[in-house]
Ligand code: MTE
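Below sits a lone chain in structure tokens, taken as the form predicted on its own.
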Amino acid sequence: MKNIDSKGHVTGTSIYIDDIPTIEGTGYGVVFDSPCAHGKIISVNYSKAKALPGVIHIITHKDIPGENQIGGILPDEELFASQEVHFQGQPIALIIAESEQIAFKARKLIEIEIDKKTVITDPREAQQKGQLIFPPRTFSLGNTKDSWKDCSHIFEGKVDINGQEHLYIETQGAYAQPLENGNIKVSSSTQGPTAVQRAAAKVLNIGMHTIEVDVVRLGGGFGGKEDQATPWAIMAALGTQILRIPIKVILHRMDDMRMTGKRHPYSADYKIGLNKDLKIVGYEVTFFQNAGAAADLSPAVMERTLFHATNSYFIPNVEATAYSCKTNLPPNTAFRGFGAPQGMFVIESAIAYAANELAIEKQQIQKVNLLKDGDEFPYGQIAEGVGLSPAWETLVSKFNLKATQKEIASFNKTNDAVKKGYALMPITFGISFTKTPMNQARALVHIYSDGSVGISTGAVEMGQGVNTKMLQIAANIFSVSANRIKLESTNTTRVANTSPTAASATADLNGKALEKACNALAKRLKTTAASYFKVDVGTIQFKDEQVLVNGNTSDVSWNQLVDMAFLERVCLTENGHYATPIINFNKDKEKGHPFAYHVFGLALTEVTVDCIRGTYEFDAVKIVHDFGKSMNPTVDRGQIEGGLVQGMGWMTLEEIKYTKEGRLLSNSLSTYKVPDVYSAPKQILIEPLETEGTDMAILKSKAVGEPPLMYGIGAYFAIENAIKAFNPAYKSTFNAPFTHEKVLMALYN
């Protein structure tokens, strides 16, 4: 089945927030934000802005009837700054006008006086000054202090990893409208409808039941709309509550880039020890997470960094500590991979440094330390169904790794100004929300009397094809045409208390809830058919919209059976609930079984570097990936390709730049570069890993949203290897991204 949204996207008929027909009397909201990164608000003069014709109202913290608080994990973030500002771009007020143009004009008329304070942008500086979001955490296994005596080689180093702008095509936005009896409907571009509903209820001082949050689809999210879609939706709802008119708040691109958080930048220190057989005996790592000015999702992101600190390797002695450091930048937030890519980059850098110092290839260390079944992760879970060695063997044979190595070596011998490099990047990624209670979902299914089907789940479609997979599940269980099934918008009135669409768990959680609901309905219909034919219910099947009895096609169609059940007053509506079994985690002990399963894979990245200009082209990325039993290979391959290139962009082109005063320099598409068709690999080959899958995944089809992004880490090390072929004196700095500028400097260092 093809992606059911493809036609709408290509023809431009898909509906996003700004496509919703404008209601007469709509007010347009534009945010007035802090011009500096840290300071005390002395005064704000709104008089000139209010006097501008067409300005309807200006909302500040004084207008909030409930709590001026939007912190999801920790209550440390105001909706509108009241006394102090903590980052440039922090919202102070919402200007509501008859048009956006008027609101923008009014914004320029606001006069603000701020007593500036010290600005911190470096997480290490914040940690040294005790500026932490919450206390540090440590995951450990074995005893690293005693492990060093068993090491033949010990290496220490530092790693720096920059952030990444989400750059979703659809910017943050919401459209609120008043309903009867004080109720409000909010159409929001959010990955977390319930998060919006819960926070809005708190700010507006009303019950969650009075706020309906509706999401048709997002024009991309990548984690940036998990929590950070919330404030704009609340602002719109607050405007509607105060003025009783519809309010639309759609951020313009430069406002979006300035006001919203990014992937967390990290700095890290490591110490790694190997024995004479290249087995990693001990590994210590300290992460300094740049959280920004408020917690947002930083505690959970930091936790997943710790969960993935050893990537695909078994290390008997590990101590991983992480600090979430408070700086004067916009609160950083979820981004595809959710902290795991940063942890993986550090261990890969440590291995690369060790290999370089030992004058061996990195893959020699990688291969002998790969996880296998029965190995223990530092957080206590035992590895099961590990596909790393099979993936390695498959890549070596299917993509002829030895031939690639020979070709690259031969090319480098005969070319002076151009060099090639390659790198192998294994991945091991856990699937589940690491906060156990979030691993639950519901689905509401109606079978209408004409045999058509309506489905509501908590899954938000944001381009990843989850609606297509939901439709497949229902069509498969009922054995009806896809044309009979409608995927409803994600709506908090139909499906309540949803977890956000995140953590690569959405298809599993919502798919299994939907599966339970559909199976319950199918059982009722089969019971009706069994009664009609006077046979055992076990003899009834559905196939191609016909009822089968003992495998033989009967004279009763799907439509007739549904009509029969309706006339007999059989319930044709079902609410399915699914909660992931087994998973648990004890934060006091930092041990448990937090993941339903892991996804494994291996990527080979090949690059050609122009050693005169410092530019590079990726010749190919060849991947062996653990799909499980993919229920939709087309959708899943698309996710791998997109995730890979996004990860490569993070490692190469995408450089977030702030001044020491906390002002964003990479604040537009002219100063922030994402991969285009010329930056993408010339060839992407994907080979499925032969596996039985896992029952913990929907239809044994493993999650595929986040894991592929981490294949992109291989791009960094492939470039490094090409540089070493040109400049043997090159010393690794492990400072991502590896921009063209950094490459040029490294070539001639």
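A residue's number is simply how far along the shown sequence it sits, counting from 1. The shown structure was predicted, so the numbers you read here are calculated from the model rather than taken from an experiment.
This protein has a second form, the form predicted in complex with this ligand, left out of what is shown; the following refers to that one.
For the options 241, 328, 504, 187, the one in contact with this ligand in the predicted bound form, meaning a heavy atom within 4.5 Å, is 504. Put simply, of 292, 192, 221, 343 only one has a heavy atom within 4.5 Å of this ligand in the predicted bound form, and it is 221. Among residues of the shown chain, residue 336 is one whose heavy atoms approach this ligand to within 4.5 Å in the predicted bound form. This ligand is not drawn, but in the predicted bound form it has a heavy atom within 4.5 Å of residue 639. In the predicted bound form, residue 462 approaches this ligand with a heavy atom inside 4.5 Å.
A residue is said to contact a partner when one of its heavy atoms sits within 4.5 Å of a partner heavy atom; residue 365 fails this definition for this ligand in the predicted bound form, lying far away. Heavy atoms within 4.5 Å of this ligand in the predicted bound form are found in exactly one of 714-722, 701-709, 683-691, 59-67, that being 701-709. In this stretch, 278-302, not one residue has a heavy atom within 4.5 Å of this ligand in the predicted bound form; the partner itself is omitted from this view.
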